[in-house]
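What follows is a pair of forms of the same protein chain, given separately as structure tokens and numbered structure 1 and structure 2.
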Structure 1
């Protein structure tokens, strides 16, 4: 009889603490991942998910200073029995910021890197590079393409191809779909979470991964295990607990919980297709997923025949005619590399137009990389630097759930916390007439995303025009009055969210996807 395969991963009472930190970043946590199991690790921002992932092959404490207690075993062997680099023959890590962690100069270099370290024969490496490109859906002529010429999303796909080439026994993936357009995110999830592959994946974006996971582990705000089990167990039975902790749950769970508050008891299902037959007739479902129509003010900003380009770079979008009204929330969606951020900077008046005309007041922009905003050495210092009074600092920190972190250095925060801080600093003091938010929900947990949506609504209610650049169609549907679809160097659609975001054919043509909530809109809600 064949002996049973050892667990791919087993953590027993693992706690991790960074130097000089007052409390553990995560733990104690016990976690088991069987060979061939695909497990989703969920938790609010700052609950230590990334920290836990980095510790599993010993990067913490070997390369990242920190203290680890408890035991970690990989394939039955204590993780500390080998150096972190030695584990690369069986464990592949996909980092959160893939664009900053690529090693090679060209795409082929990048994919070959780990295989070269394993001393595989050159012919095998060359074949693996070709096969990985094919699997990741990347053009074969990309082998000689320089990494520096790729967009963030394209780099993420190359990082994924490199992982596939490694053919690892275990994949540890930290928010692999965060910077990907929906079609690419679906493909990434499909490739990473192939049946039979052992995977521990951290992702806030549940849509692409939900149908491909076998189990879910959930950390609470203190970094301890809140719930564990099959998706049905966790989302079906503990949906309310997760929601209370500000953790993302599937849309069906959120709708079910929202309806429960209105007195509609529904079965504890977590898939939309299971929920739809149970939805009470006559409900105004659009209010659960979309923004109620609001009166708009007069035009505040206008772009006419605008061509937008980064300084010293080529024009990325041209022929843009766009008017923004006071109190309007405009969503800009588009595939990776479509020029959304450049258009956003032009709308805010931060980049001059290459040609065309911009008329309207100067605005502000929350950049994709929140660290670009930080100029002081404390969280509250960032709000003070933006001119916030002590009262505004207190209110801003509370609004964005940063009160307990007031004295912490901004760079020590998790990615979700950094994003919340950047948004808090921008919105605490100055009433910008035009505010552009570039991927405001990337890396945010449900609570952070909900706070962002609430804040956007409040800004719009005060008469400010808000532009939301996002890949998250559900978020766009929930906060925007109008959607602009950017692709092929210009605007390809402009209209109400419920209309633009339900045009599946056009969305798919540009690498995008309908929001999950479109299923609810399809139930006859007028748009």
Structure 2
């Protein structure tokens, strides 16, 4: 009889604490990942999910200062029995920030990096690079393309290709789909979560991964285990507990919980197709899936025949005619590399147009990487540096659930906390007439995304024009007055969110997808 394979991963009573911290960042946590199992790790922002992943091969404490208690075993061996680098022959880590993964100058350098460290023959490496590019859906002529020329989503796909080239036995993936357009996110999930692959994946973006996971583990705000089981067990039976902790759940769960508060008892299902037959007729659900129409102010900003390009780069979008009104929330959606961030920087006035005309006041932009904003050594210092008064600092930290972190260094925060801090610093003091938010919900839990939506609505109510660049069609539907689709070097659609985001054929043609709430739109629910 063949002996059973050892578990790919086993954590027993694991706790982690950073130097000078008053409490553990995560734990105690016990977790088992069987060989060939695909498990989703959920938890609110700041619950220690990334910290736990960083500890599994010993990066904490070997490379990242910290104290680990408890036991971690990989394939039946204590993780500390090898150096973190030595585990690279069987364990691959996909970091939340692709720039933490990328070490090469060109795409080929990056994909070949781990293989070169393993001293594989050059011919084998070259073929592995070609195969990884092909599997990740990246053009074969990208081998010489510079990493610095790629968009955030394109960098994430290159990091994924590098993982695929390693052919690891275990993948530890931290928010791998956060920066990706829907088609790329589906491909990434399909590749990472292939049947038989051992994977522990952290992701707030549930849509691409839910049909490909075997189990779910959920941490609470204190970094301890809240629930474990199959998706049906966790989302069906514990949906209310997750919602109370501000953790993402499928839309069907959120709709079911909202209706329960109105006295409508529905089955404990977690898929929208299972919920739709049970929805009572005549219900008003627009508060959950769409923004009510709001009056807008006069035009505040115009781009006319604008051509936009990154610094020292080629023009990526051209012929742009776009008007923003005071109090308007404009959503910009499009595939990775379409030029969304570049257009956003031109709208904010941070990038000069190559050709065309921009008329209107200067604005501000929340960058895709929140660390680009940080200039001080404390959370509250970031707001002070932006001109916030003591009262505005207190209010801003409270609005973004950062009060307890006021004296903490920004770089010690979780990615979701960093993003909330960047948004707090930009919105606490100066009322920018135009504010561009680049992927404002990336890395945020449900509570953080709800807070972002609430703040965007408040900014618009004060007459500010807000531009939201996002791959989250459901978020765009919930906060935007108008949606622009950017693809093929220009604007391919411009109109009301419910109209633009229901055109499945056009969205699919450009690597996008309808929002999860589209099923409710199709039922005629007012949006």
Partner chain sequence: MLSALHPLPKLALCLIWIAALVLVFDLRLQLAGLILALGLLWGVERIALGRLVLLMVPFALFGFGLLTTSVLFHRESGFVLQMAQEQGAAQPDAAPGLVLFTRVLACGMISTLFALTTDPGRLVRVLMIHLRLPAAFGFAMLQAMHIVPDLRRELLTLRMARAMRRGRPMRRVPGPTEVMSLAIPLLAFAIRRATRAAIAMEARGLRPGQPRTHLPQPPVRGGDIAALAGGVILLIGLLMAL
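If you're wondering where the values come from, they're calculated on a predicted model, not measured in any experiment. In this text, rigid core is short for the largest set of C-alphas that superpose within 1.5 Å between two forms. Residue numbers count along the first chain shown, from 1.
Student: These are two forms of one chain. I'd like to know which is the form predicted alone.
Tutor: It is the second structure (the form predicted alone) rather than the first.
Student: Once the core is aligned, does residue 86 move its Cα by at least 2 Å between the two structures?
Tutor: It does shift by 2 Å or more.
Student: If the two forms are fitted on the core, does residue 107 show a Cα displacement reaching 2 angstroms between the two structures?
Tutor: Yes; residue 107 is a residue whose C-alpha shifts (by 2 Å or more) between the two structures when the cores are overlaid.
Student: Core-aligned, is the CA shift for residue 136 between the two structures 2 angstroms or more?
Tutor: Result for residue 136: yes, a 2 Å-plus shift.
Student: After fitting the core, how far does the CA of residue 118 move between the two structures, in Å?
Tutor: Displacement of the alpha carbon, after core fit: 4.3 Å.
Student: Rigid core superposed: how many angstrom does the CA of residue 76 shift between the two structures?
Tutor: A shift of 2.5 Å at the C-alpha.
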